[in-house]
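Consider the single chain below, provided in structure tokens and representing the form predicted on its own.
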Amino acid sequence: MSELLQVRNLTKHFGGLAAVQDVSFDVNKGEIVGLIGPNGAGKTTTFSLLTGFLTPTRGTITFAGRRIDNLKPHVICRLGMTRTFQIVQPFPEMTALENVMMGALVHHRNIDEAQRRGRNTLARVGLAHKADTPGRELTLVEQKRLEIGKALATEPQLLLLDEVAAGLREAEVDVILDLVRQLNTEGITLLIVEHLMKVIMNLSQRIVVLDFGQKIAEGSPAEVSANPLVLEAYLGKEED
């Protein structure tokens, strides 16, 4: 598999705090990669650095062969990498279709074409029947699907999902798992931040683990779940 995303020595300081410190990893085309770690490990900061919402203190980010670590979010989005957000924020007064059309307009300024692509995207995420429903009237799981739909409408090669299953019931989590798998079979590469181990272990071919802003492990789900450093990060060090 060819490398789609290359992260090298990614570092972000906020004053004297190193939120991310010398983190390096790759995401290959067609993969689903999990990014995990305890609260405060630097996962969301890493997502924000990758997508241009924050500028690295040092390090490089290369996407599809191009350096992007000093580009703005809208430029990175047009290049083919976009993200969802943990706290869903649909445009409340706009319909589900209009919400998704906002993403489609990144590449398609013609309103009719954006609407056509918006309807296709709603069908992909299981919301075709909610096209005319205002964002504020959607249930949480529907808003989660809409959040994915808004990102999908930008036609990403690499989609970053930030805790897309948070707050959902078990049956709803299974629906999201099926949706993510389907998107991957359609050719979309995914990098996923998630606290629910069921999601990460069921979806990821490879997992990168952060703790206190540093990468402490990388490997298959089986390798990572047996790694002593990972167990210590999540469970604490056993006293002698």
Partner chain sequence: MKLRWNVVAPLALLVVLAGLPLFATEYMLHIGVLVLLAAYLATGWNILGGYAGQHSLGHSLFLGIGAYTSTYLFAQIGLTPWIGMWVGALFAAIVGWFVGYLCFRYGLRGPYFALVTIALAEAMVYLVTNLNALGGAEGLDVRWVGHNPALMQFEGKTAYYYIILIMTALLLFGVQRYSRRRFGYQMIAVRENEDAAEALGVDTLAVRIRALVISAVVTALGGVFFAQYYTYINPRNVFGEGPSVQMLLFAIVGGLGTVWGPAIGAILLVPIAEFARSSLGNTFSGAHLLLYGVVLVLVMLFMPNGIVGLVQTLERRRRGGRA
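Positions refer to the first chain, counted from 1. These numbers were taken from a predicted model, which means no experiment stands behind them.
There is another form of the same protein, the form predicted together with its partner chain; it is not shown, and what comes next is about it.
Q: Decide yes or no: are Pro73, Cys77 and Arg136 jointly within 4.5 Å of its partner chain in the model of the complex, with each residue judged by its heavy atoms?
A: Answer is yes for this spot.
Q. Taking the shortest heavy atom distance, is Glu93 within 4.5 Å of its partner chain in the model of the complex?
A. Yes.
Q) Would Thr154 sit within 4.5 Å of its partner chain in the model of the complex, counting heavy atoms only? A) Result yes; Thr154 sits at the interface with its partner chain in the model of the complex.
Q) Does Met101 reach its partner chain in the model of the complex, with heavy atoms at most 4.5 Å apart? A) Met101: contacts its partner chain in the model of the complex.
Q: Using the partner position in the model of the complex, report whether Ile111 sits within 4.5 Å of its partner chain, counting heavy atoms only.
A: Taking the distances in the model of the complex, the answer for Ile111 is yes, it comes within 4.5 Å of its partner chain.
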